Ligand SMILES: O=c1[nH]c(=O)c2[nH]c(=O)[nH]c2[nH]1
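Only one chain comes next, encoded as structure tokens, the form predicted on its own.
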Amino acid sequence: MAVDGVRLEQRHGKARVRVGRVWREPCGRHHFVEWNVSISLLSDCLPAYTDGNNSDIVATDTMKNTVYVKAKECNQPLSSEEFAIVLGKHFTSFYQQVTAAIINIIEKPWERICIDGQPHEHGFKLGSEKHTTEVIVKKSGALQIVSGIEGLAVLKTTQSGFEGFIRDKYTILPETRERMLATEVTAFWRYPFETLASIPAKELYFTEKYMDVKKVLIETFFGPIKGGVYSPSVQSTLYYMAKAVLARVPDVSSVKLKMPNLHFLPVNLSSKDNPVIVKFEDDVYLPTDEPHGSIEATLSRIHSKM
């Protein structure tokens, strides 16, 4: 909006609202999630900026309290996407001046533990990769949902190479058909649902789709148990991982992958007087991620947006 001869774009919210929620079944089985919630509201509150009039401001402390109240009101286990939709619907319907709500949630990977092969009723351990989501809800009912996974660290000790790349006077990297391949995958995928009414009614639908995408990413990276699959580059592996998600998870309209190299450099000890003290024959490595290659790409179905 234009005011006093300048253009004003504004939003306000509350970040890093941490909440844990336990659901207890009568049979003794418990369900647990830990969420880190960030809220950003787009609202008609121009007087707060131009006149110091806060009468249209939703206090950020109120937003924090709303997270806890809405978590309490959710009587059944639900996904982070579903909880984000609950919050977005509340803020856009309860406050007349709020035109849109952007809800970001990072879910900590608490996983149920197994004792002697049996799932424990109320025991959990902390995993590695995190489930993320960004939900945008507008007062009109328009919707956008982007889910993701962060920190999916994967490594294979063979079936990877890199050759045929540009060589010039600055190039010293040798070509190879045998190297380790390790990366920490960050993936974001967008669902096609554009209205609140179009969301599937299936219980824990988004949790199921998250597990589906994660499974596809892992299986495509590694290939078959026997022999695996050869990777000619991170770019090639990234492409086939993203393509497999679109092929095997129809409800995903686009997927973005970021896959930085986690390098494992073969160690060879040498000195000025002794060029080769010990040659480890590619079985002892120096792990390093600084500096690292940065590879990312987005694949979308035709006519879809990311």
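On a predicted model such as this, the values are computed, not experimentally measured, just so you know. Residue positions are given as counts along the sequence shown, with the first one as 1.
As for the form predicted together with this ligand, it is not shown, yet the points below apply to it.
For this ligand in the predicted bound form, the listed stretch (72-80, 216-224, 189-197, 231-239) containing residues with heavy atoms inside 4.5 Å is 231-239. None of the heavy atoms of residue 210 is located within 4.5 Å of this ligand in the predicted bound form. Mapping the unseen interface onto this chain, residue 36 falls outside it, with no heavy atom inside 4.5 Å of this ligand in the predicted bound form.
Residue contact with this ligand in the predicted bound form: residue 295 places a heavy atom within 4.5 Å of it. Contact annotation for residue 261: at least one heavy atom lies within 4.5 Å of this ligand in the predicted bound form. Taken together, 86, 91 and 139 are entirely out of contact with this ligand in the predicted bound form: none brings a heavy atom within 4.5 Å. Of the candidates 173, 126, 153, 114, 173 is the one whose heavy atoms come within 4.5 Å of this ligand in the predicted bound form; the others do not. Of the residues in 157-188, those that come within 4.5 Å of this ligand in the predicted bound form through at least one heavy atom are, in sequence order, 162, 173, 179.
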